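Here we start with a single chain on its own, the form predicted alone, put down as structure tokens.
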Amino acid sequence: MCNHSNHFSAIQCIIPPYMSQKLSDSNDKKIALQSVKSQVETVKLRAKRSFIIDLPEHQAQLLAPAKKATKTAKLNMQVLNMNHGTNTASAKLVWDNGKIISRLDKQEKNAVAAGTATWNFYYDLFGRNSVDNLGLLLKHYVHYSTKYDNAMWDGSEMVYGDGDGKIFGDFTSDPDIIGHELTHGVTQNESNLEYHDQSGALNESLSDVFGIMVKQRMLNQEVTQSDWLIGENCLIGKNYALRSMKAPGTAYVNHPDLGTDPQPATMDNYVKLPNTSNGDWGGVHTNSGITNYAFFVAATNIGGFAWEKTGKIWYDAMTDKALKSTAQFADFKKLTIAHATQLFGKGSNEEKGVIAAWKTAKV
């Protein structure tokens, strides 16, 4: 329910439409009402983004932040408190590039910690200066609306809801969610993968891949130590998470309100859905499980810290100029194998690990 119909520069949300639809159809009127209210807020944000997208370029530039060339890259980030409002212009600045403007609450601290970790991740490992590689100011808006059940990158900034407190908790509670959403900004500024069918599922998968590595690096976890779960704190209940990269389809099973995770792990179970909003633009959040699983297997085959070798391969493939906006899974597979070979050599364990991973995912 979060993507502009032209599939470009879309608003990308962490909660997929199949979850929202389940809750909206709930027999529990309170759950259904809260889900519909959250979707209404998302539609408002989407309408704003759609308007900006359709502006002539010279008008759109009036809204774009000025680009200032700097000799050295440095974190450029703010955290703002919406105080449960929906007008970002009224948000209160609480943290500005290391300067604490007012005492930070838990959500604000989470945004500072994971937002900083994500910027450091891309800069320390890949020399990237913010999501656009030009030092873009990253704005994190917390406490959006009342009990809002989502977090999103709207093409220029981050928005986080507090959750309804029954099914979803605070959307800043998982660093992988923050890393996920900011990675949409990286993809947007590189290949701008079209947000539908396989290219859209690949778009979502890349955000999960780099989101999980941000969390792993914050926790100093090797591949065997990670839970490989996306949003395990956001979805309330110790046996639940939004997605599992290690075992797609098992993030939540027999959830009383959401049912069972529909993600496939292998290409033979690819789910064909309508290329519509209700069909999640061909199942971009559903089929991302396939390429998520390929990354998990590759990282496990290669071992160590995922970001040191497997992450480098995936980053080089993600930023390769040969990666077209319409790329299919097989196209990205070829690029990862090519970069594994380029980085580590023909016949290397890394190359073999990547080839075997895609075979395991049946791509």
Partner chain sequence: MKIKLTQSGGFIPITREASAEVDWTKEESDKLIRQIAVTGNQPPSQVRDGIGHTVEIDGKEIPVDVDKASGKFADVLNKLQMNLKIVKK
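Since the structure is predicted, the reported quantities are computational estimates derived from the model, not experimental observations. Numbering follows the first chain given and starts at 1.
Omitted here: the form predicted in complex with its partner chain. The next part is about that form.
Although its partner chain is omitted here, in the predicted bound form none of L202, A294 and K309 has a heavy atom within 4.5 Å of it. Checking 217-225, 135-143, 114-122, 240-248 against its partner chain in the predicted bound form, the stretch whose residues place heavy atoms within 4.5 Å of it is 240-248. Taking N269, N278, S90, S102 one by one, only a single residue has any non-hydrogen atom within 4.5 Å of its partner chain in the predicted bound form, and it is N278. Among I167, L229, M77, M82, the residue placing a heavy atom within 4.5 Å of its partner chain in the predicted bound form is I167.
Remark: G259 counts among the residues lining its partner chain in the predicted bound form, judged by a heavy atom distance of 4.5 Å or less. Although the partner is absent here, W153 lies within 4.5 Å of its partner chain in the predicted bound form, judged by heavy atoms. In the predicted bound form, F210 stays away from its partner chain, with no heavy atom inside 4.5 Å. Proximity of L193 to its partner chain in the predicted bound form falls within the 4.5 Å heavy atom cutoff. Taking a 4.5 Å heavy atom cutoff to its partner chain in the predicted bound form, the contacting residues in 179-193 are H180, E181, H184, Q188, N192, L193.
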